[in-house]
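Shown next as structure tokens: one chain only, the form predicted on its own.
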Amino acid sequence: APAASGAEGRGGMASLRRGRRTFLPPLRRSFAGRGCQLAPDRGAKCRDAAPSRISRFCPPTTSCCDWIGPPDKYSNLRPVHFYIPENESPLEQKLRELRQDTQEWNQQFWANQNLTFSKEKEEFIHSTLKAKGLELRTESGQRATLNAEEMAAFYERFLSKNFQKHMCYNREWYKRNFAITFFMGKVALERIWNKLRPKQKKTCN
């Protein structure tokens, strides 16, 4: 599961920066927003945006890009608030909805998986300490812990138990990403075609 980031990023949501190659591969970079700025107060007015069950944040009215939020406390994933342009084409809408649906699917999977992991981990620690005749708290009041070898046994068992689930997740993840990349290519070609059409009309006249 993705690593938790604690209080990191809890201030505001930072927008995607266009042209920063370290964050976006070539295909995705063409869909990043323009400019980069910190979010204003949450009471600011909101423009039209894709509905999301992950984040209730609304970008400022002047925003023309996607926004990335702080890690979710259950899934540890950073939610993306997708920008909807006024002249969004049916193909662009299809791509945005596919990305949003994938994000919500991913969020749900890791939120449930992390909850299961934490629950089983606590149960394992409790049962192991009980088998050793130890309490959950030491004499000094601190929480009792297991050594690395004992925890390694739990991690191995958990991964083995959830192997098939993770395989199904990976197959679905690759399938969804292939579809998203395919539609990104179609949208990129559509935008190029829309830019070339006016020039063709001028040359004909």
Partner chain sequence: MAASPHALSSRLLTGWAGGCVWYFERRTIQESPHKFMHLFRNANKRWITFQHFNFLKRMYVTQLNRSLNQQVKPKPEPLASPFLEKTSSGRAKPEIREMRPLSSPSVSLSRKPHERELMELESASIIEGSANVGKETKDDKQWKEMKLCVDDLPGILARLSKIKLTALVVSTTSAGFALAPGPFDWPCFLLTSVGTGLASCAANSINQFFEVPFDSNMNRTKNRPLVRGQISPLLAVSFATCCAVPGVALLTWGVNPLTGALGVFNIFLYTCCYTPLKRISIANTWVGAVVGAIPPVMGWTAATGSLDAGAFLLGGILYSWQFPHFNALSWGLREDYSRGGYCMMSVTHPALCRRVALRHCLALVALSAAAPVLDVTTWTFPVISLPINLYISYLGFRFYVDADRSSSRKLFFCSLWHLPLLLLLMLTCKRGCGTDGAAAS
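Bear in mind that the values here come from a model prediction, so they are computed numbers and not experimental data. Positions refer to the first chain, counted from 1.
Beyond the structure shown, there is the form predicted together with the partner chain, which is absent from this document and is the topic of what follows.
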S63, I68 and V80 each touching the partner chain in the model of the complex (heavy atom, 4.5 Å): yes
Partner contact for L91 in the model of the complex: the partner chain, 4.5 angstroms, heavy atom: no
Please check if Q108 has a heavy atom lying within 4.5 Å of any heavy atom of the partner chain in the model of the complex. no
Counting only non-hydrogen atoms and a 4.5 angstroms cut-off, does R96 reach the partner chain in the model of the complex? no
Although the partner isn't part of this model, could you tell me whether L115 comes within 4.5 Å of the partner chain in the model of the complex, counting any heavy atom of the residue? yes
Listed by sequence position, which residues of 174-192 have a non-hydrogen atom within 4.5 angstroms of the partner chain in the model of the complex? Y174, N177, F178, T181, M184, G185, A188
